[in-house]
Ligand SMILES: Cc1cc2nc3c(=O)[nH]c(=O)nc-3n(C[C@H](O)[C@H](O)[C@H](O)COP(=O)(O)O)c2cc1C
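Next up: just one chain, as structure tokens, the form predicted alone.
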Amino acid sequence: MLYTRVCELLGVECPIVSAPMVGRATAELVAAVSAAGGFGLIGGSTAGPEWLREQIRMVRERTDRPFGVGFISSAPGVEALVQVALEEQVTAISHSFVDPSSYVDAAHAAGVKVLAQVQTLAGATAAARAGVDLITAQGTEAGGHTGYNASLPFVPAVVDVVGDIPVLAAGGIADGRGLAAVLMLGAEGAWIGTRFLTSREAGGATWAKAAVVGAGTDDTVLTRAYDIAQNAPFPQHVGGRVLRNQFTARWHEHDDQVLARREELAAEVLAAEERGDTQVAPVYAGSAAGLITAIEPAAEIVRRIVTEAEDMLRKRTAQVLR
């Protein structure tokens, strides 16, 4: 049976954390992942404090297992949302795209653990210095907003610099092979987004899920075009990994032109989202989309990844060691 320090730290059965995807990781998905033995994170930056409080309580109506809330902590108004999570005493909160130093003491005083998602070694060092409980090393293969370091070298580099703090690996993990691989890199578990994006319980439009299922490994691009067009609150050292489409073919790496036409392009993207036009609307997904062939229940995804990883760790070792 797989069991790592992440299991002990978060009080879960298996070292799988579902990413707090905005608009996708709502109560239904989080409860399903946690009930299956993983650790679900609500995407806490979607709406206001009362929405978040309601989501937290909806998870508790569905399961008594541990879960948490993740934040785009560079977004305005996040402090009020964090306060709700602390008042509700979720198991853990996760911060991304900021130095988490200012959030740690209050969380620990409330008995809440702190995760920090990082995309650089400098970010990992700062998070470790801040005293967080768990660090997510996010590779560029990840869907949504991420940095430019590939998972294979980045994950062990983070493990090496953060001392005894457990590390989760994120980016490109969609099956048991990925989980087994990052455990061999020194990670204590996997933070998984795109695979759960295509679960039945994930929020969001059916057309977006279908686009991810139909995509291949070559079909994503890391771009700032959408962030610039929509004036999104992300730092410049990250981009958004999306499925390639006509919009990215025209505007990727033409940042100055996008900025000059921001209002026009923002309206174009909004209209495309409303009509489900994947050639213009962003579909955030990682390179692992090429490993996904169906929309399935989240609990089934959790169980299969764990079973595959256990089999891989047992059988592959015997195959390659003499």
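A residue's number is simply how far along the shown sequence it sits, counting from 1. Small disclaimer: the values here were computed from a predicted structure and weren't measured.
The next section is about a form of this same protein that is not shown, the form predicted in complex with the ligand.
Student: I need to confirm a contact call. Of Gly147, Pro100, Gly123, Gly172, which residue comes within 4.5 Å of the ligand in the predicted complex, counting heavy atoms only?
Tutor: Of the candidates Gly147, Pro100, Gly123, Gly172, Gly172 is the one lying within 4.5 Å of the ligand in the predicted complex.
Student: Looking at 308-316, 294-302, 21-29, 6-14, which one sits within 4.5 Å of the ligand in the predicted complex if you count heavy atoms only?
Tutor: Of the options, only 21-29 has residues within 4.5 Å of the partner.
Student: Spell out, yes or no, whether the shortest heavy atom distance between Ile72 and the ligand in the predicted complex is within 4.5 Å.
Tutor: Taking the distances in the predicted complex, the answer for Ile72 is yes, it comes within 4.5 Å of the ligand.
Student: Just to confirm, Gly189 within 4.5 Å of the ligand in the predicted complex by heavy atoms?
Tutor: No, Gly189 is distant from the partner.
Student: Taking heavy atoms and a 4.5 Å cut-off, does Glu201 contact the ligand in the predicted complex?
Tutor: Glu201: no, not in contact with the ligand in the predicted complex.
Student: Using heavy atoms and a 4.5 Å limit, would one call Leu197 a contact residue for the ligand in the predicted complex?
Tutor: The answer is yes: Leu197 has a heavy atom within 4.5 Å of the ligand.
Student: Could you pull out the residues of 123-144 that have any heavy atom within 4.5 Å of the ligand in the predicted complex?
Tutor: Sequence-ordered list: Gln138, Glu141, Ala142, Gly143, Gly144.
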